[in-house]
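What follows is a single chain, given as structure tokens, in the form predicted alone.
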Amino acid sequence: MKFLIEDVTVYFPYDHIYPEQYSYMIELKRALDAKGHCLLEMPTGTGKTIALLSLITSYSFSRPHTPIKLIYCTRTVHEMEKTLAELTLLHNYQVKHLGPQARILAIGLSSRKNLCVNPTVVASENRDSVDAGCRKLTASWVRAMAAENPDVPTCEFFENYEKAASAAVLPPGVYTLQELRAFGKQKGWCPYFLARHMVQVANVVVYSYQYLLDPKVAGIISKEMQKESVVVFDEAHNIDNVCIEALSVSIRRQTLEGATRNLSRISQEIDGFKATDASRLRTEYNRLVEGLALRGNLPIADNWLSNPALPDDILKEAVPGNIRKAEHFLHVLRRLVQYLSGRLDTENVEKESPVGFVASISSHAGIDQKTLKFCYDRLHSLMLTLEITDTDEFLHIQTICDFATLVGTYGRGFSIIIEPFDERMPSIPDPILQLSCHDASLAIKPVFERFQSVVITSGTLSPIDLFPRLLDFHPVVSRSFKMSLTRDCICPMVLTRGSDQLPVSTKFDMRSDPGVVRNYGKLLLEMVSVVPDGIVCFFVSYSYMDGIINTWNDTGILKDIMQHKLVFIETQDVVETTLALDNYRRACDCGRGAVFFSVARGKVAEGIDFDRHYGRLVIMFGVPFQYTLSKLEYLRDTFQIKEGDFLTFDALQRQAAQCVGRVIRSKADYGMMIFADKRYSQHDKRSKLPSWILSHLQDANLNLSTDMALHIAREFLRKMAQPYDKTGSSDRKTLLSQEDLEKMGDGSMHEMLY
């Protein structure tokens, strides 16, 4: 269908549109007209992605003289593929109606691991090994050696791509990662470098958050994107955490041991070069006197990760004299590693500001702040000079230099925290030194400044006024939309006590109480006997989940649960969890039914959908608070955000709502949500849940025991089995046709929407 929003003809590839999608497009257009940033919250399963893509591409067609580029950021490769599939459908529809002028180039960009077609390189087990394998075949000095000696291995795909030069282009169309690989194989060109090249000219680019938010990656991939771009961060409820992780570094004993090995290897390489090619080290020294900015002219295959912190003006400065010579730089790094090693020998938790830490490094190791600031780039320069290709071997020393540059650059917004053991294993000494970033605005600030419109959207952004303070920006539009439903297909319940009337909670003083653990087990046992297909359970942490499952196993509750359904568990191993998920789905498909145990803030809670029969019930055992004192202090002092407000927002609006929202992925879907903790019955906690959950939470369901919840579940499932009208009643339509949209002039449309 096609319809008008003010002066823009919107091409929408489906016959019907939800009222909230239409409202969403109106608000999005307002933000684009104002060339400002916006915050839009719309419940999951209401078609955010297609609404965004339709409006922004149609908006670009309506202004052919000033076309805008769409940069669409997703969190996972799976979400990227889903977005590109929607875009393919939309593109085909637009070409059918507008003809060849609607042809655009849209590509997904991912790491070499997901795009490489060279069988020897892509066989490596992890991303870093694939990157290093690629560099061993494509680095400029390797290719120069291959030109003289044909026995030196190179990558035929990269060589063909380089030979094609300006002829290596992608014809218009939408390319998923798989289609890019297929195109590369067919032409004999490297799909990764082809995609990197085409990103600059593509109309739509879909890639990961890190390509814009992590300065090390953004400095290479996104630095040439034009200002007239619209940036969309989809599923952005955790965007502040992504920003914080991009600028945080952790150092363990293994890191320091690996860094020491790296330094010995670099020292050997320097000695080798001194004997054979001393002029190369002299040339590097002269370049460092002039400044670091010259690295912008590197061949594409030599480009390494960009600097994690430095603005361009610092790169034009001369490198400090004490690290210009390679061997002097190694001495500085050795002293730094030795100092960090000494700091890890602690039996107490220590917390320090970057300013205090830099002063301590200066007095104990004799390394000043400016030297620390340049460590990352100096290492990069040295590894290029020494022609090191196996960069995966040098990750440890890169981490140390990353840490040094960040701690030398930022005086505020960070803490250095040293812990003597991992919290999961408090009895085993495993010290960790963390440079912990508290200010999410540091990583995202360049994005807000560079691009004309940034759209932050998700199903859970409430309270919507908190994000502008956390990310330090001023949106021109911030709006939350409700879900229009033809039937009450969501049934949230708050369970405060077991059948024996004992209260249940994961509060610290109650979580290990045998009565609470037993009642949680009894709740699940009762539910598996009446709820068909899949049930998903979320716990507050891995350690709590392990403890409770062990207790259930010892008391025989787990055995009883498995009489009704199979049980699968999320672990911290990605491969194990993926296998468990696959088997969970198979059990649901064949009618056996299954239970999946997962953790709030884990991988499953963030990105896996349990739609349709894969998730008829989700149980949230407890409130997933995460208490980080130094971050809370910083938020209070800098942004005037109270500790309690942020903790409740993070635990309820984000984590709990994200977990239970996994079961409703479309309007035809239905599911139940049980919040199993007495704290959810408190108004101040409960009111922080998103409006689309609260609007279905009835007063009668706020203080339930296990037997009452069981009765409500039976009634709800019986009700959902009845037939219903998908388009809604005449007074409250939930699906709008072309005719409904054309009625806009007579004012009746406004009543349907609001």
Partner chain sequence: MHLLNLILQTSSFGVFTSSRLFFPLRLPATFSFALQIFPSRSTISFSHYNIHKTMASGLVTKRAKYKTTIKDPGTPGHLRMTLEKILFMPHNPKSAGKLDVEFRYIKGQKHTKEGSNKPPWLNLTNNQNGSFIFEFENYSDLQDCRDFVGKVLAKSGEVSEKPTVAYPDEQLSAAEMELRIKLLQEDSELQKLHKQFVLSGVLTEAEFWATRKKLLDREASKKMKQRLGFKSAMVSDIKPSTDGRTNKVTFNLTPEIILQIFAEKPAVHRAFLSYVPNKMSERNFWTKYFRAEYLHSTKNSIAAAAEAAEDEELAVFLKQDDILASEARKKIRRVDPTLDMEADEGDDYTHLPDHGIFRDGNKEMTESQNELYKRTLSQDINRHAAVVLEGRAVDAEFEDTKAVAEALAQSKRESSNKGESDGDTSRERLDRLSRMTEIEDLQGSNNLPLAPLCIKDPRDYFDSQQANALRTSGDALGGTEQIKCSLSILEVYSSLRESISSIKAMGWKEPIVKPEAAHQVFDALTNSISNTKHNIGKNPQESVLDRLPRKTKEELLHIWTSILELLKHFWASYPITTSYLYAKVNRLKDAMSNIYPQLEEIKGSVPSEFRHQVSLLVRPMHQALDAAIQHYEASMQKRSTQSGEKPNGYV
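None of the values given here were measured: they were computed from a predicted structure. What we label the rigid core is the largest C-alpha set whose atoms superpose within 1.5 Å from one form to the other. Numbering follows the first chain given and starts at 1.
What comes next is about the form predicted together with its partner chain, which does not appear here.
Judged by heavy atoms within 4.5 Å of its partner chain in the predicted bound form, the contact stretch among the candidates 518 to 526, 241 to 249, 355 to 363, 473 to 481 is 241 to 249.
Contact check at 4.5 Å (heavy atoms) against its partner chain in the predicted bound form: none of Glu159, Val407 and Tyr410 pass. This chain appears without its partner; in the predicted bound form, the one residue of Lys35, His696, Arg63, Lys726 with a heavy atom within 4.5 Å of its partner chain is Lys726. Of the candidates Asp439, Glu235, Asp377, Asp214, Asp214 is the one whose heavy atoms come within 4.5 Å of its partner chain in the predicted bound form; the others do not.
For the chain shown alone, Gln452 is not a contact residue for its partner chain in the predicted bound form, no non-hydrogen atom being within 4.5 angstroms.
When its partner chain is considered in the predicted bound form, Asp533 lies well away from it, no heavy atom lying within 4.5 Å. Interface residue remark: Ala202 is not counted as part of the site for its partner chain in the predicted bound form, having no heavy atom within 4.5 Å. Shown alone here, Asp465 lies farther than 4.5 Å from its partner chain in the predicted bound form, counting heavy atoms only. Residues are counted as partner-facing when one of their heavy atoms sits within 4.5 Å of its partner chain in the predicted bound form; in 55 to 79 these are Thr76, Val77, His78, in sequence order. After superposing the rigid core, the C-alpha of Leu710 moves by 2 Å or more between this form and the one not shown. The two forms, fitted on the rigid core, differ between this form and the one not shown by 2 Å or more at the CA of Arg586. Once the rigid core is used as the reference frame, the Cα position of Gln254 differs between this form and the one not shown by less than 2 Å.
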